[in-house]
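Let's start with one chain on its own, the form predicted alone, as structure tokens.
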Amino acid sequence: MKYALVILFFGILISGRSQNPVYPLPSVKQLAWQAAPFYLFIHFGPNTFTDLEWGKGSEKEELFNPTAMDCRQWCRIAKEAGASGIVITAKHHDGFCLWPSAYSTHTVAQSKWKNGHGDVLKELSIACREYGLSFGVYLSPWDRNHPAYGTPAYNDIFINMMKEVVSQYGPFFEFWWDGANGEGPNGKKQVYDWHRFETTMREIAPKTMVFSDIGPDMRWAGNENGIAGFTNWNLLDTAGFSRGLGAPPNDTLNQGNINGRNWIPAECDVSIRPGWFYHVKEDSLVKSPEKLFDIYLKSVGRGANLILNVPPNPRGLISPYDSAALMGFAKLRKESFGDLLSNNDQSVVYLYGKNNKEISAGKNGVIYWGNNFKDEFLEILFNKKITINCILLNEALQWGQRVKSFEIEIYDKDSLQFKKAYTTLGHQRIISFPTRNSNRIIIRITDAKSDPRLNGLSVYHIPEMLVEK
């Protein structure tokens, strides 16, 4: 069954043609990152073989032995799932390095896997290039194995590790810092030199997006359920906060700050299983395609990025349970958002404001409301009824995030069928509602920082069971 889709791009400027930005603004790399909002997380390491979530750091290197590891299988599944890239746990808290680091003796080089000649990062970087996927790494500064952890020397070691992976396996689209800070093998905690870490990344990988609770390029969404705030600002105040325990409150991370001084958009992390590493007992607990779709609506559909963890099993393969869920998830997205309604099937007229001024549609344009936006509205008329239950709106973020609130009205001729108020727009806002037959949609911007700007609007009919509850 095919589901109706209308994609509208506005190619003219409607009053208020000024280019005045509303600061802060996203960087070019931040806009590019937000344009590819779904990718996979890979948690893989000694925990895969010990059935733990947080390793102790004392695990024998010989435990790591994925006899059938196939990074091409990971990438093939990621590609078929519609993911844009993969981020892997190059070093988790246990300190085990998935590459033969010159700065540790707790690495794949000391393992039985491939007689110590294996390199997970090398194999995955090659496979990502083959499948056209972006590649990223997670590097935990906490190290429960390294003897220098808890001393000033360890900051130099961690910086050298960052330089090592960037130079040998980059470029990366994303670099993940975990703020966890526990004791090392000597019973001491490390005082992380975050300033040097950040300065180093800016020097060696200026085009790489760097993640942590407070950025610098994107932030944690405040939970591990994959859910962004119903209100989600791309802005965050970081003064007085630090990574880890010193981060802003979770609800602040979830919603952002309406007048935040830094452009730090949210990334939603969640695992396809209850745990982050593979556990055979969780094979029956893999999230269903429908659950993954619901998470998508509440993350990507609220203007955030979604990083979905899919952990390989001890053989080094993504399990059939996880793969089946991902393929089902991809199928639901394709059925819901993938079929373009031909112009031969339906004609559309766009009217702006009280004077019903007709708008001609073009490609890759932006619609501008004027400063009197509260007295205006955008009306979309169809020449016959269509069945709809989902609308997607895109804000033109290159001039800053502006919209504070808006309303959607769905009509059957003059009969109001559905009306609801929403808050922020952001990169995209996916709104779903009980199915209605409609020949008319009205969009009102009820509050904004400055004259609002949209660069896209789409109308869909998705399976009723997928409508956000």
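The numbering used is simple: start at 1 and walk along the sequence shown. As the structure is a computational prediction, the values presented were derived from the model and not from experiment.
Keep in mind that the form predicted in complex with a small molecule is missing from the display, and what follows is about it.
Participant: Suppose contact means a heavy atom within 4.5 Å; in the model of the complex, does that hold for all of Y138, E224 and W276 with the small molecule?
Facilitator: Answer is yes for this spot.
Participant: How about F41: is it within 4.5 Å of the small molecule in the model of the complex, going by heavy atoms?
Facilitator: F41: contacts the small molecule in the model of the complex.
Participant: Taking any heavy atom pair closer than or equal to 4.5 Å as contact, tell me whether W54 reaches the small molecule in the model of the complex.
Facilitator: Answer yes; at least one heavy atom of W54 falls within 4.5 Å of the small molecule in the model of the complex.
Participant: I'd like to check something about E267: if you look in the model of the complex, is any of its heavy atoms closer than or equal to 4.5 Å to a heavy atom of the small molecule?
Facilitator: Flag for E267 set to no.
Participant: Wondering, does R302 line up within 4.5 Å of the small molecule in the model of the complex on heavy atoms?
Facilitator: Output for R302 is no: heavy atoms all beyond 4.5 Å of the small molecule.
Participant: Please name which of the stretches 126-134, 189-197, 92-100, 255-263 has residues with heavy atoms lying within 4.5 Å of the small molecule in the model of the complex.
Facilitator: Within 4.5 Å of the partner lies stretch 92-100.
Participant: Between D178, E164, E379, E376, only one gets a heavy atom within 4.5 angstroms of the small molecule in the model of the complex; which residue is that?
Facilitator: Here the answer is residue option D178.
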